[in-house]
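Coming up is one lone chain in structure tokens, specifically the form predicted on its own.
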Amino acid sequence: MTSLQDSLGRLDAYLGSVRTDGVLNLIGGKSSEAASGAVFQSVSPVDGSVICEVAKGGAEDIDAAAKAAKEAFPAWRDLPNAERRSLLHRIADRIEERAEEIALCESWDTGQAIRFMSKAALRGAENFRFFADRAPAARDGQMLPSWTLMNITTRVPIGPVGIITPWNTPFMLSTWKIAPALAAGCTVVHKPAELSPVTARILADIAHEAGLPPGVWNVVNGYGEDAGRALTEHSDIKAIAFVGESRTGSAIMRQGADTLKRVHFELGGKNPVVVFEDADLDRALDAAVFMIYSLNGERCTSSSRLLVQSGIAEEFTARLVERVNAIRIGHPLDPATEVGPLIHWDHLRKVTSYFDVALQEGATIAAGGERIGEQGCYVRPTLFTGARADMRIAQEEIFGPVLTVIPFDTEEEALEIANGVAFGLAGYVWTNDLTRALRFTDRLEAGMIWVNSENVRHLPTPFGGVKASGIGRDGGDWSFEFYMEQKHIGFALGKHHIPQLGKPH
């Protein structure tokens, strides 16, 4: 196993040019500073050190990128499917070749533990391979004959699209959005999260090294109120795919209204894991701990509410406290680390503010509930017990390694609590009663539900939420439904009757 010192040494080598040159925008296949000359700093949450300077793009940069994407669109749209498939596979090959570099840079940039980021880089390659193989059939449609017409459908790429990605697992989530857009035949303007810009540029460089034509994939760094808003309002951008907070999704929808933007939103979650008395409690405990404390709790599908049936609540919670207190917190490049620092000091303040909220509302902090040290953004994995469903800690997305336990007596009560939030992204149900699982999942308000399992992603399946958790679905053919337009063509079969107007009698 690679040691922390070995990882730090290789990280320094990988970041050498980044620290010297900074992270520039990529427009029309060329690196460029922001038109204004403005920059901002990317800072590691590990120790507060400056990683590099980043071009701070604005409306002028977005306009140049959108025009480059528009100019490149016809040739990319019309590229033979076999060539598109081959190119996307070459991108996947190069991601795998640079997987260690991507993982180390991402861990340093975000604070995520290397044990998870190494897999995230490889999942990014898998995303490209999956959609590469689907690209040749992206335009396939149906034949729907009638008595008078042979009706056929096909799909065509919508045009240049804007993709705005978040700071948690940014590399993998960027591939999740960009790979299907390219496979569909769209060109892209990508605005990465300002808190984690490094691997987004590495990914775009990989694509161009693999032979992607200039202008097909453009990257503009910057803040949401500047670059992000300009992207959502630009008339040449036909759709916006966004992953992030629900409030930001609402703002993007308003900003894109004048240009009738198609939108796909993957937003927040306050996801329940519901544990019934008849469940396999050992496996349920493993899954509950993993789905809230892995990735520092900074994941939209985290199971941040534990609903546990009263008859097993005391024993299950006691075992849970023991597990939470044993989670290994440390440097994200240390292979032993399970939880690293949160992304930024502002986010650290947000997460830790809920410790006071919990106490004020009458809950108990059964584990954690404190910051660690002063240098980085470290916080102890935290567990709230004695909570009610109406408390803020049970209603609001904290987006950190914080779990709230709520007991319930009956299936009906569990369902009421589970559905009693603004969100509806994911749900996890633990029971060995098949009929109960069928009843419960049918009425649970969530876009994705796993029974007797943690979140196990299968790429052909739809990914997305309901209520304040989003609009639309990713994955498989659902991605193409967003990035492509349906087209119907009807061919007359013979001389069917056509009504005649204005003909002399």
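Please read all numbers here as calculations on a predicted model, not as lab measurements. In this text, residue numbers run from 1 along the sequence as written.
One more form of this protein exists, namely the form predicted together with a small molecule; it is left out here, but the text below deals with it.
Novice: At 4.5 Å between heavy atoms, only one of the stretches 180-188, 363-371, 259-267, 202-210 reaches the small molecule in the predicted complex; which one is it?
Specialist: Selected range: 259-267.
Novice: In the predicted complex, is there a heavy atom of the small molecule that lies within 4.5 Å of any heavy atom of Trp108, even though the partner is absent here?
Specialist: Judged by the heavy-atom cut-off of 4.5 Å, Trp108 is well away from the small molecule in the predicted complex.
Novice: How about Pro192 - does it come within 4.5 Å of the small molecule in the predicted complex, if we only consider non-hydrogen atoms?
Specialist: Pro192 belongs to the contact set for the small molecule.
Novice: Evaluate Pro214 for contact with the small molecule in the predicted complex, applying a 4.5 angstroms cut-off between non-hydrogen atoms, and reply yes or no.
Specialist: Residue-level check for Pro214: no, no contact with the small molecule.
Novice: Is there a heavy atom of Asn151 no more than 4.5 Å from a heavy atom of the small molecule in the predicted complex?
Specialist: Although the small molecule is absent here, Asn151 would stay clear of it in the predicted complex, with no heavy atoms inside 4.5 Å.
Novice: Which residue among Glu338, Glu245, Glu413, Asp93 has a heavy atom within 4.5 angstroms of the small molecule in the predicted complex?
Specialist: Selected option: Glu245.
Novice: Which pick from Leu104, Ala135, Leu425, Leu88 sits with a heavy atom within 4.5 Å of the small molecule in the predicted complex?
Specialist: Exactly one listed residue reaches within 4.5 Å, namely Leu425.
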